[in-house]
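Next up: a single chain in structure tokens, the form predicted on its own.
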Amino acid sequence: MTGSHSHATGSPYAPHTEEERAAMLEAVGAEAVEELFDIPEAVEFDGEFGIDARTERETRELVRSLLERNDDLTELLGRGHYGYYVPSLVDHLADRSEFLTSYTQYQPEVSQGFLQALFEYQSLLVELTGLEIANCSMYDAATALGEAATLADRVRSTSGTRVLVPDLLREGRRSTLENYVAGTDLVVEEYPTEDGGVDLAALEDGVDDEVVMIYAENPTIRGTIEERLDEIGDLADDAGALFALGSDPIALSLLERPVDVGADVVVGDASVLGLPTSYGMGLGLFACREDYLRQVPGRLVGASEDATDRRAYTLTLQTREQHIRRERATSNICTNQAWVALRTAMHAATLGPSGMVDLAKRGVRRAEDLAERVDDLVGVEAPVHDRHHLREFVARVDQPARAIAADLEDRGYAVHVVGDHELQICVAGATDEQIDGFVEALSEVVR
């Protein structure tokens, strides 16, 4: 270390001497460092962990006994959390040490394998969306939506501040979006939906020159397919606003390409491939038109050539504030979900194009079949919405929905309660035997 003072008593990371610390405390009017922190006594560390020492075998037994207290339920939950089967090949490849122990791929000379995998992930999203640019992941769908709103604020051709989202938008995504725009002039407003889809007439009435971005989802949170996306895109285009669409790779393999309905940005959760149901952890996808290339948040992997003219991959156009001047940064997002993106790319490659289409079609067919079987039960109407569905649907029950869900849970099945008399049922990842068992259980509890 350099300097006129000795830092022998400090650490390389906080190399201040006692005299320097005392001078700083005096400058802020504090007598001790502890006064700078407001730590509740109940959680303040007193030097003792209060954990009994155990052998490895005892610890394993304790953990096993705790895990056995979890309910062993067949989950038909959905609403953003889908338990598609992940091939064992994905686990075996992704668990290789060069992937698990990898840090951000700042050094391309030692990261070509991982960088190529991320480039393939980006290429997958470009092919599915029809948009020219995709980054190599965001935290999750909610943060991707927040980044789409701030991108729209930067590139908009209108001077407005309104971000329009459907009233069906799940609470977590709406909350994250609100947090993202809190430091801007943007305001988030809802537009109504009807029968599980966008109320286009009401949306048209609400669009004006102050709208910066219109956001829609396909499929919706209730599993319905939005059939008038091109008209939503036209509304956004006429208002000089961006059209952002929320979706996922499985849905995109079957539904209209976002670029063909006028979408400028596509966000969503790509971890429907590569991850089992993870209850919060996800993989945010972000794709957009090439016009917005230098406004894309996060990281992009690019392809180039090395000194020997061989194809080479490297991180490029990193526009976060850690890498460029803060006033020119597009986002302060500090990391991504590279390992999860790797798993998604592996899962997609394992399925192949036809396999992804088959998986999506299976989600449509099985949801339709289950809705018909459920609708045959006395006291149940399914689906509630007279629309096409993908992997999930809402059913109306005559009895209180919470009571039905509780009785189903006693029989080993978990479903969402989405209204006083509405249940949401998802087939993603469920086996035929599990679906048969669910129908039998439901028939018993609605009698």
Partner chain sequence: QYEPLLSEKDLTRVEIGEENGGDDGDDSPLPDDLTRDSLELPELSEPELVRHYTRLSQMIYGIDSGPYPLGSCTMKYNPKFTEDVAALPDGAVHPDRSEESVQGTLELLYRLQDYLGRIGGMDAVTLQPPAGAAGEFVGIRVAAAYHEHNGEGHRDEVIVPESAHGTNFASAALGGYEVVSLPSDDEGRVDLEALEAALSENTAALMLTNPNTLGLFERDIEEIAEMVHDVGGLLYYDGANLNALLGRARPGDMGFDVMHYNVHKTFATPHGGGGPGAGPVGVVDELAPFLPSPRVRTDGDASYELFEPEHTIGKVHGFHGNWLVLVKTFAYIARLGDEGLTDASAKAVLNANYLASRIEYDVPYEPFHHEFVASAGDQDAADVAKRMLDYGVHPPTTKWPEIVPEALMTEPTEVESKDTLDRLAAAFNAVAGEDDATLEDAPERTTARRIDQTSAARSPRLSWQTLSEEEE
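For clarity, a rigid core is taken as the largest C-alpha set superposing within 1.5 Å between two forms. Numbering follows the first chain given and starts at 1. A quick note: this is a predicted structure, and the numbers were derived from the prediction, not measured.
Separately, the form predicted in complex with its partner chain exists; it is not shown, and the next lines address it.
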Fill in the blank from the handout: Of 160-168, 134-142, 371-379, 202-210, the segment with heavy atoms within 4.5 Å of its partner chain in the predicted complex is residues 134-142
Problem - Heavy atom of Gly80 within 4.5 Å of its partner chain in the predicted complex - result: yes
Exercise for the section: Consider Pro192 of the chain shown here, and say whether it contacts its partner chain in the predicted complex, taking contact as heavy atoms within 4.5 Å. Expected result: no
Practice task
Mark Gln399 yes when one of its heavy atoms lies within 4.5 Å of a heavy atom of its partner chain in the predicted complex, and no otherwise.
Solution key: no
Exercise for the section: Examine Leu351 and determine whether its closest non-hydrogen atom to its partner chain in the predicted complex is within 4.5 angstroms. Expected result: yes
Handout entry: in the predicted complex, residues of 31-57 near its partner chain [heavy atom within 4.5 Å]
Key = Val33, Glu34, Leu36, Phe37, Asp38, Ile39, Pro40, Ala42, Val43, Glu44, Phe45, Asp46, Gly47, Glu48, Phe49, Gly50, Ile51, Asp52, Ala53, Arg54, Thr55, Glu56
Problem - Post core alignment: Thr17 C-alpha displaced by 2 Å or more between this form and the one not shown - result: yes
Handout entry: Core fit, then Arg60 C-alpha moves 2 Å or more between this form and the one not shown
Key = yes
Handout entry: Displaced residue check between this form and the one not shown: Ala414, CA, 2 Å or over, core reference
Key = no
